[in-house]
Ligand SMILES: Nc1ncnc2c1ncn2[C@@H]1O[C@H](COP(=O)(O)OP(=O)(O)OP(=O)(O)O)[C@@H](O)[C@H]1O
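Here's a solo chain for you in structure tokens, the form predicted alone.
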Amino acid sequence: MTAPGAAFGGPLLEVRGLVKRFGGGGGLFGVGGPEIRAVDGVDLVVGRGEIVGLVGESGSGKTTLGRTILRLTEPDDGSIRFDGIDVRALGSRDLRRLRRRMQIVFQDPGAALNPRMRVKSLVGEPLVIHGVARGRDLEERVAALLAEVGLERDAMHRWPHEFSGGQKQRIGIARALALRPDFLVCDEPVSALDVSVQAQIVNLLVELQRRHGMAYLFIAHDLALVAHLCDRIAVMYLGRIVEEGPAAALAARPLHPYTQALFASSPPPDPEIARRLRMPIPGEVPSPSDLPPGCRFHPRCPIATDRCRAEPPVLRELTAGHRAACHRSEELLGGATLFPRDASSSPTSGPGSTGRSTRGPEPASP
């Protein structure tokens, strides 16, 4: 069995059996409603300096998982260990110290920046809170951080509303980098941006990761981007990891029907090919408050059997480091294709698109 993160000098982050529930318990006038397990028994490992992609449809629990790992949302069960430290056991003071090493870049840069604070205060606030810098030293550190993300020194004296979406995200990244963290959760950092600037932000994140050796949990919808950028990929569906493995192996041969469906539903770059071959995932995502028995994907799966409808599959290793939670993964391992996709749309069809050995910046947008 290949241990995740082993190629990167061992795990930096280890998550075991993590659970986060919302709702339930009724309440006054029925407030609370049915219980929703947004994260339901997730195991996840991120190695030192490794980029792990987390993908899935909206509502799969990706953002909740990222926030719960950082304890921005409190978990209900399971364990979180960061560099050997039991994160769930920390009190507020010790947790604040650990936050120097664990940071997040949010999806919506506009909402993440306080409109009443100038950029100098926004980027410098972590340095002040943790007693790292003040006065002239603070100003020089903020200027250096802004330069690192491609912004001019005079940006520190301006307000957030004076910047474009891409520039706001650069400010958010500078703020996240202020304390030189070891681990960064990137929560769909380009999905709220114009297509013309998405590649620029991805290139910036790649360069910063190379320069500082940080580990990333990169949350995204775009499987092609994740396969290009990341060392490993974890696929999430209705609160659970259904497949996880090296980016190149998972992109070349997905071993869960849901992962195949995600790849097949990603549009190829050629609009004519996209019109003919793009295949939406069949059916609707079940309500997280009324989950189907057995495999949660079985209502939408073309190869579901009676066993799939009754018995939840476990995440098991099928090839070196490649795990899937499907009763019929051996058939997919043998080459079965449930959701055909055109070769030109495959994230493995071009150079620099299949993991650490060839990972590079995205091509610049026109």
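We number the residues from 1 along the sequence you see. Everything numeric in this text was worked out from a predicted model, so none of it was measured.
Omitted from view is the form predicted in complex with this ligand, to which the following refers.
In the model of the complex, D182 stays away from this ligand, with no heavy atom inside 4.5 Å. Residue contact with this ligand in the model of the complex: H221 places a heavy atom within 4.5 Å of it. Within 4.5 Å of any heavy atom of this ligand in the model of the complex lies no heavy atom of P160. Taking the partner from elsewhere, K62 is found to have a heavy atom lying within 4.5 Å of this ligand in the model of the complex.
Contact with this ligand in the model of the complex holds for none of G53, A176 and D231, as no heavy atom of theirs lies within 4.5 Å.
Of the residues given (G150, P288, P126, G78), P288 alone sits with a heavy atom within 4.5 Å of this ligand in the model of the complex.
With the partner omitted from this view, the residue of L315, V45, I36, L70 that lies near this ligand in the model of the complex is I36 [heavy atom within 4.5 Å].
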